[in-house]
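One chain comes next, on its own, written out as structure tokens in the form predicted on its own.
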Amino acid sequence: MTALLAQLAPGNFRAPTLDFHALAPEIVLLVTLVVLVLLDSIKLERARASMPAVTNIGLLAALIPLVTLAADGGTRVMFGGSYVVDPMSLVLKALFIVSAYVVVLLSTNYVAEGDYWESEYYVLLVSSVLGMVVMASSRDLIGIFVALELLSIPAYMLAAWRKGDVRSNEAGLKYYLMGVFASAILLYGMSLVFGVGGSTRLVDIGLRLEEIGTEGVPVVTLALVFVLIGFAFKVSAVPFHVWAPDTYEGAPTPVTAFLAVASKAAGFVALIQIVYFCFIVRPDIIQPIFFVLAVLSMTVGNLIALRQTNVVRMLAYSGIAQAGFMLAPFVVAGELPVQSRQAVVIYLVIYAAMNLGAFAVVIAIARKTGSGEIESFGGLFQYMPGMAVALTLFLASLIGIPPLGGWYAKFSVFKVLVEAQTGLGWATAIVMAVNTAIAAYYYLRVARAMWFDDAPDGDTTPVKVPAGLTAAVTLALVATLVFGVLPGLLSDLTSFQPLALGG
């Protein structure tokens, strides 16, 4: 492990200190932010109609350098190894940017029709995405923390965007207070890690932890535990999940989709950076921690979701359970670093597609029902058959039914857990199988209401769905189907070289 980590030292890469091509996605997003702020400042209320279009143009423009960087191949290292642009980071940056693009499609009519402050909404959204993109390349404790705060602080304000709604205010306040508390724990843990490692670079810290030895010192365990607790909050893992249900239910639904997909994915990316480039040399510490987090998140999330009558709240607890599934590969990270890392990224990409699609359909249906209760979905197939079919497919994918993308996400995790030689890997796989069956019940309960129940008020008048919402549902559905029917495509995209994992 020492030799592999040593290969990541800056001296082994021949790259310029500052590479503007590698930084192009971040630069484009920063320029987009400046344009949005100037547009709002100069045109004032007249800028409202153009803000979504400008935002999406900026997001699409940020994808262009990602494509050119992927075509060039290779790894670009900057700032002494603290910032790395490699195939792994490119895939994750594309995930964040595309997810934000879909969220803007969900937000356009929702924000415009709700009489909310519109211009600042998109500024905060792009600011959060910029933090996520920076996170994907950060290999330094300082860079990771700054990126985490850059993506989190705008999210606190977005959660409380409906200023006249008590539930939205409550959502933002809970998210902010718990977020600040988690950041304090995380920062304290990072300070201990710095004290032990003598550096802020993850690879240097990993090498130092390897030198200390398997036994180590108590402060090493304390440092790793505090850091992992801080990130466990960001991904809403049990028992650090209490903020998620109330925040998801009270926040504007497009913001909920953003928090449930992009923000959660950013938390997992931070975990990937910390674990695979630093803590992987101490499986004796991280393996039991991730086992407990994964098992608790899967089980508690699914059991509480069984009792929910509100679809958004059900999806919130479902997201907690899904976080448990994504934490499962970390249990065997020390034994199968390449395969477990790939399993996490595959699950993140597919989860983003199917969960964004589910929220898009919920927003479309709420335009008619004005409610998120499961009973309000009754008779949906009679007056919105397209949306009923789409939501059924998204829910089936979340269960893991072939040939939808969700089956491959769960298969990838099962495969890496079973291939591991550790007992905890097999135990995690068994718990995951049981929880997959539990999740099928509450997902199918929503499908049953749409297909077999009558509309609660007897009104089956069709409702017009805005073009943006229709486009969002279509994009998510196509991605969900493609990833399930052609799993090799996603597998090839996430087949990173072992060196990129530091192990």
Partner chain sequence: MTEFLNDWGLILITFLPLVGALVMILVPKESEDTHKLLALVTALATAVVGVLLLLNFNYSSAGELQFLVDHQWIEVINSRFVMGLDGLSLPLLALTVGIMPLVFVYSWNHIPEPGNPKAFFILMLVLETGMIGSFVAQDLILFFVFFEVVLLPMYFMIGVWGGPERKYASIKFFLYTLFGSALMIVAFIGVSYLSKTQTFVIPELTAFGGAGITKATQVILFGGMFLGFGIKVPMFPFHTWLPDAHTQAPTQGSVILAAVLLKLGTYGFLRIAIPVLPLGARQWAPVIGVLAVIGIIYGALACLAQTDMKRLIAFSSVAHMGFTMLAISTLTDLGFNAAVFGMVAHGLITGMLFFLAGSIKERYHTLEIKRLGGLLVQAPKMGWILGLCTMASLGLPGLAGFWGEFPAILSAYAPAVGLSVPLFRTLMVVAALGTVLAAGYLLWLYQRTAFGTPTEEFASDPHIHDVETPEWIAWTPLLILIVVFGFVPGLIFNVTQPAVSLIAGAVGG
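In this text the structure is predicted, and so the values were computed from the model without any measurement. Positions refer to the first chain, counted from 1.
Form predicted in complex with the partner chain: not shown, discussed below.
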Given that the partner is absent here, state which listed stretch (357 to 365, 230 to 238, 97 to 105, 376 to 384) has heavy atoms within 4.5 Å of the partner chain in the predicted complex. 376 to 384
So in the predicted complex, is the partner chain close enough to Leu124 to count as touching (4.5 Å, heavy atoms)? no
Any non-hydrogen atom of Pro402 within 4.5 angstroms of the partner chain in the predicted complex: yes
According to a 4.5 angstroms non-hydrogen atom cut-off, is Lys43 in contact with the partner chain in the predicted complex? no
Considering only heavy atoms, tell me if Ala396 and the partner chain come within 4.5 Å of each other in the predicted complex. yes
Assess the spot marked by Val133, Ser191 and Gly195: is the partner chain within 4.5 Å of a heavy atom from every one of these residues in the predicted complex? no
Would you mind picking the one in Leu63, Leu30, Ala437, Ala467 that has a heavy atom within 4.5 Å of the partner chain in the predicted complex? Ala437
Considering non-hydrogen atoms and a 4.5 Å limit, which listed residue (Leu69, Ala447, Leu475, Ala455) is close to the partner chain in the predicted complex? Ala447
Can you name the residues of 407 to 428 that have a heavy atom within 4.5 Å of the partner chain in the predicted complex? Trp407, Tyr408, Phe411, Phe414, Lys415, Val418, Glu419, Gln421, Trp426
